[in-house]
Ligand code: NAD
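Take a look at this single chain in structure tokens; it is the form predicted alone.
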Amino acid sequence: MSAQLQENISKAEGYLARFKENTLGHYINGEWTLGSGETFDNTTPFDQSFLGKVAAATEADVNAACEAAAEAAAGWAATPGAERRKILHRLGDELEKRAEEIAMVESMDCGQALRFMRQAAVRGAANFRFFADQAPEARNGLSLHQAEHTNFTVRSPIGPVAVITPWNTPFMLSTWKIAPALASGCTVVHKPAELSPLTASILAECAEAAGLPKGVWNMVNGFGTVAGKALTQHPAIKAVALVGDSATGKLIQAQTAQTLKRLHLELGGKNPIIVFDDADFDRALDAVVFMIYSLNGQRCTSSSRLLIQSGIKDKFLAALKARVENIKVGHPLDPETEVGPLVHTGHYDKVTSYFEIAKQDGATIAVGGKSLRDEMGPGNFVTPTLFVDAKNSMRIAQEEIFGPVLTAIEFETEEEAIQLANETVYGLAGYIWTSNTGRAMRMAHAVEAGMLWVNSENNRNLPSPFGGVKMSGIGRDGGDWSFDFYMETKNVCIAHDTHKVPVLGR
């Protein structure tokens, strides 16, 4: 064990001590409470050891959080945008003060390598600052002139909203949803994933330290079957923003039907990365490796299908195989680690089940395809895996595995690449590598996805829209698209007193 890893473990133990010693509760109306429910154990995917007990919210706990958000809604909506901006900038400052703590706690809670989590607080702070700066103008709309009428639009916050976030990169995704909600003037009830709840509590503490009024930010822990259902069905909640898998999205859509809540569902994907013969070989190789094996392959925009043109297939797959074999799997707090343990035993079982499925389907396991528990102990470690000789109809090419697993499929022509890319129920993201500008433009129009990157990995631009099509979701985040979701638009038509008013019954 390196000296740096020993130092990181010691620091992490210090940050985690309070969670191990005290039950993690809910943050409701500016107060921490254990609520009225039972508790459940939180464990680290590194070795299944105990990280602490977490209170599981009951329907009564969720109701208290929703009522607090509803009570605070009018006051927060009336707070001038310039004041909201100041508070959210202070919140960004608080996050950066605790950047190391956030990174280490998140690494141990969800298994992500520290090299990626070190940017979590910085990205979270950037999310709050970006949307904070839009807060003073968030209400502004359009001015539409006609000869005898002038129309203009104004926006107002929709009210209390539910934000339900996943376990893969919980901290960053929470800030990505909550920041625009608060900037728009909405109040929030946040339910983090039960598998990785710790950094959500740090977020709530930072919000309190930044001076957010009571009831504006509320957080409840627990399970989707109880807390999630109560939250999505609560009449005070006007909109639900979810990041999760497609099965959860369907369930929430059904649960919200009776109250006609507004929904933004950011769901799963089976995203293609399409590499043509004329691509920049080295840059494309770097992008292919990064976009599936970083973050343990546990992110919605991972490019889990490699569509490789036949002219460079053999050379590219040989180079890819060598790179995958060289990826370092290890302790999430080790600065050298590139792939850490999968988040939970149940998810580990799911990912490893595809190793046998690949064989049954007739694919070849070129790299990996096995558990590392014999070598690395009881943690949820698997080898970075590459499937080749695959067909697009195979389960490994159609189902979201959500792990460090890549399926390679050969294609001959541009038309075939488009067909393969689109032959899936998902449509979140896609990546195209080619030096042909015309082809890039044609592919950009033809590939069915909410987001496409040409000659790039996933490069996030905060003002740009983020979201998917088909089974990958409904709606868009980012820039003004976020304000459109969290705010109601009202049109006002003012007559110039020059038009003829229709007459009846005079």
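Everything quoted here is computed from the prediction, not taken from an experiment. When you see a residue number, it is the position in the sequence shown, counting from 1.
Keep in mind that the form predicted together with the named molecule is missing from the display, and what follows is about it.
K.L.:
How about F466: is it within 4.5 Å of the named molecule in the model of the complex, going by heavy atoms?
P.N.:
Yes, contact at 4.5 Å.
K.L.:
Under a 4.5 Å heavy atom criterion, is E94 part of the interface with the named molecule in the model of the complex?
P.N.:
Looking in the model of the complex, residue contacts with the named molecule do not include E94, since no heavy atom lies within 4.5 Å.
K.L.:
Taking any heavy atom pair closer than or equal to 4.5 Å as contact, tell me whether A132 reaches the named molecule in the model of the complex.
P.N.:
No, A132 stays farther than 4.5 Å from the named molecule in the model of the complex.
K.L.:
Might T248 be said to contact the named molecule in the model of the complex, defining contact as any heavy atom within 4.5 Å?
P.N.:
Yes, contact at 4.5 Å.
K.L.:
Report the stretch among 305-313, 411-419, 103-111, 221-229 that approaches the named molecule in the model of the complex to within 4.5 Å, counting heavy atoms only.
P.N.:
Within 4.5 Å of the partner lies stretch 221-229.
K.L.:
From the list L386, C186, A120, I164, which entry has a heavy atom within 4.5 Å of the named molecule in the model of the complex?
P.N.:
The residue in contact is I164.
K.L.:
Identify which of L242, I292, A181, A207 has a heavy atom within 4.5 Å of the named molecule in the model of the complex; exactly one of them does.
P.N.:
None of the others qualify; the residue that does is L242.
K.L.:
Where, within 319-343, is there a heavy atom within 4.5 Å of the named molecule in the model of the complex? Residue list please.
P.N.:
Sequence-ordered list is empty.
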